[in-house]
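One chain is shown next in structure tokens, namely the form predicted alone.
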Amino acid sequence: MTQTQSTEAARAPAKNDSIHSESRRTFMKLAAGAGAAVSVTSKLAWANGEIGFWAKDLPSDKLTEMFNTIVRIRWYERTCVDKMITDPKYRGYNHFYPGQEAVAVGVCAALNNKGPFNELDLVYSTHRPSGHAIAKGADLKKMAAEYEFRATGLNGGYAGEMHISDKSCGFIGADGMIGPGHVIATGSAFAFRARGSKQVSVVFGGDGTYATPHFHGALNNAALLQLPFIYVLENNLYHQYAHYSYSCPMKDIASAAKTYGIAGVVVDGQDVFQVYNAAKTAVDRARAGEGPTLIEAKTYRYYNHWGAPGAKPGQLGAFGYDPLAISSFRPEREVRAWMARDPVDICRDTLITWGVFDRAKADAIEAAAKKEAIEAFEWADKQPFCKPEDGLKNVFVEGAVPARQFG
């Protein structure tokens, strides 16, 4: 059964709470069946059974919050793309996330994102961090300021995009290098286990991370020590401009979980509810001391590896031929085929089907998200830039490096 068929099967209008619940249950069972068809790994690699159908039981306010977060990510990124294309003074260097929003939102919705730091679940990100940061709870205005190296940004203007972090919500940070964050994340997981905490450490990585030693080292140590660690591999098919098959011999990277004897699953990364179901199962296992999980989310990015070649203001996605091959390494029909299964549309249509809200409410939520994103970048434009000499203050935890060391 295709995703379209499974969605259509759940379109019967709900008339009361009990029918709402049954509609959600039916939809998630059908959707899970469609997702399992993506790969047998969906069923075989779990150490203790299949994924639960948790999303159907979430309250309407939580489901609405998930949709709100998806569109906030989408419009933050689209606003950033337009700014990069049209504003010659824009200073950011960005790797855009549209197309993958359901992965960040589905995972982070299953985590503890509020409260004292010693109770927060921690997230480690990649060089494509916007979605993860927003889903974890980072402030949009301060993010926009940081992306333009403003002094009032989340990290004083010294992190930019690829090293952005926000301790207040447990977003430990992005990493411009491919791999090291995974090993550091297992260190956090070890600390949680050592002090008896119920916290969970999550790291996001792309399909290209399979070819790094960090991927295998992180999973190996997490398996050996049964750590509360979750590896979320966002397989968007391409690392930079090469298909993942050039560096991975398996169709499903999640099958690597079998090597380490840990839980592993493939999910439809365009469906936030499938992602949430897998994440909730993995988080529950981690908190119960049952060890790590590898989640592979099949997804797609609408823009290129970095920047916005092939993109136009006001248009979602990057298309067209570029002589440098940075916007023509994949067929345009492939891009449009994935965009036809857009995570924003899937989330919106499902929640309308479930009776969580109607289309007018969904449109209002999205309009508010767009307005918030525009205002965030307008605010950032008015902020002062960081001072180059103040970079010496950020080498040590306290104080500055004496200038004589640079004489």
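None of these values were measured; they are calculated from a predicted model. Start at 1 and count along the sequence shown; that's the residue number.
We do not show the form predicted in complex with a small molecule, though everything after this point is about it.
In short, of 217-225, 120-128, 78-86, 190-198 it is 120-128 that has heavy atoms within 4.5 Å of the small molecule in the model of the complex.
Just one of Thr152, Gln240, Asn113, Thr259 comes within 4.5 Å of the small molecule in the model of the complex, counting any heavy atom, and that one is Gln240. Taking Gln270, Thr209, Asn277, Thr186 one by one, only a single residue has any non-hydrogen atom within 4.5 Å of the small molecule in the model of the complex, and it is Thr209. In the model of the complex, Lys141 stays away from the small molecule, with no heavy atom inside 4.5 Å.
Among heavy atoms of Met177, some come within 4.5 Å of the small molecule in the model of the complex.
Although the partner is absent here, Asn236 lies within 4.5 Å of the small molecule in the model of the complex, judged by heavy atoms. Proximity of Arg285 to the small molecule in the model of the complex: non-hydrogen atoms within 4.5 Å are absent; the residue sits far from the partner.
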